[in-house]
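Single chain ahead, by itself, as structure tokens, in the form predicted alone.
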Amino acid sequence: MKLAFACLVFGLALLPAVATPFFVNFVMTQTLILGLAAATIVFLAKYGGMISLAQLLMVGIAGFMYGNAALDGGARGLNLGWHPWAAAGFAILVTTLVAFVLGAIASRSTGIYFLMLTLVYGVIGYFVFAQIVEISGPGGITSIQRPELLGPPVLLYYAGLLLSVAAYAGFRALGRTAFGLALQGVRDDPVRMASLGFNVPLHRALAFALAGFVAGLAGLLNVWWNGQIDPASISIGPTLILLIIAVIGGISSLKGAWLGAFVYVLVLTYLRDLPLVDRIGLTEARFNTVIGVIVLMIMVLSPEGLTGIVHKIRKQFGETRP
């Protein structure tokens, strides 16, 4: 498994040498960004038993805070004019603190109540940035430049790859630490863990803050890649799409986050280019219908998403091999 992961990372590192700039800088960079954000949903679900719909809000908070801090003389925002890396640090700090506070508020709820509460977070966040013109307004913040160190688009791809590998390895390593094992105990039986002396709400709040930190990193990559951010990008539609990406790959598998993102971006990018696709009514306007059908097919074949299908194939191949 470790060898396969190393080979995959090595292949992705060599991808810009063999693939077209469009595929690397658009398809794969977007895949890495969405996968990094979706991985926070998988982390909370896998290790904490918490299905969160607030992760895209964390992505948005990081983007908005960076835009407000880094721009100078822009049409909207605070225009603080800070150094790009200072603005990035500020954005991550604010995102992590907000995630901890929101996680602490939601830490005593579970199941559908936790899900709905995080959905409320997303709705409130949308209206905050849409209605407070001092920090955004409905038009959002535009003309955002990334740091000079990440000037060439391919460097942003490598930054996404590096952060994705770090997040994947970090989440897996965390699951084997004392905190990770306690968090899994809270997931399985919070009452028993509380009776053993563990602070259940604190563990959940810290896990939510960690997920917010990683989502903030994805938010920085996203705003550097897009060059702008607006409240519509963190509305209910995109929020549900991020959850769908996690479900497509497999909500119980970290690597499924990037696999689901890759499938989503492929369909989004190349659907219109399929031969005769317009003859059967699959236009770009019906993209959500296509995604819905794909999710339905995957769930019928395997409730564990694409990673579950891969595991079944590998298991079947191993059983039939002489």
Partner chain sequence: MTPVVQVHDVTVAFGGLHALRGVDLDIAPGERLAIIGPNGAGKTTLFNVIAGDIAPTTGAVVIKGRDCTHRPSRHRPRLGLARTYQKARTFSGLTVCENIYLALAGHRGRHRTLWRSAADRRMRQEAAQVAGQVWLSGQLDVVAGELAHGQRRQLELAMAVAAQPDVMLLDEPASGLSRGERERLVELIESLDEQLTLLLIEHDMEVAFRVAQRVIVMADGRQVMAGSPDQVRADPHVHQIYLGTEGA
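Please read these numbers as outputs of a predicted model, since none were measured by experiment. Numbering follows the first chain given and starts at 1.
Just so you know, the form predicted in complex with the partner chain exists too; it's not on screen, but the next bit is about it.
Does any heavy atom of D188 come within 4.5 Å of a heavy atom of the partner chain in the predicted bound form?
Contact with the partner chain, yes.
Give a yes or no for L206: in the predicted bound form, does one of its heavy atoms lie within 4.5 Å of a heavy atom belonging to the partner chain?
Judged by the heavy-atom cut-off of 4.5 Å, L206 is in contact with the partner chain in the predicted bound form.
Is Q131 one of the residues lying within 4.5 Å of the partner chain in the predicted bound form, judged by heavy atom distances?
Judged by the heavy-atom cut-off of 4.5 Å, Q131 is well away from the partner chain in the predicted bound form.
Heavy atom to heavy atom, is N199 within 4.5 Å of the partner chain in the predicted bound form?
It does: once the partner chain is placed as it appears in the predicted bound form, N199 has a heavy atom within 4.5 Å of it.
Only one of M193, L119, V94, I135 has a non-hydrogen atom within 4.5 angstroms of the partner chain in the predicted bound form; which is it?
It is M193 that has a heavy atom within 4.5 Å of the partner.
So the partner chain isn't shown here. In the predicted bound form, which residue out of S252, Q184, T110, S235 has a non-hydrogen atom within 4.5 Å of it?
By the 4.5 Å heavy-atom cutoff, the listed residue in contact is Q184.
Tell me, please, which stretch of 236-244, 156-164, 120-128, 174-182 lies within 4.5 angstroms of the partner chain in the predicted bound form when heavy atoms are compared?
This holds for exactly one stretch, 174-182.
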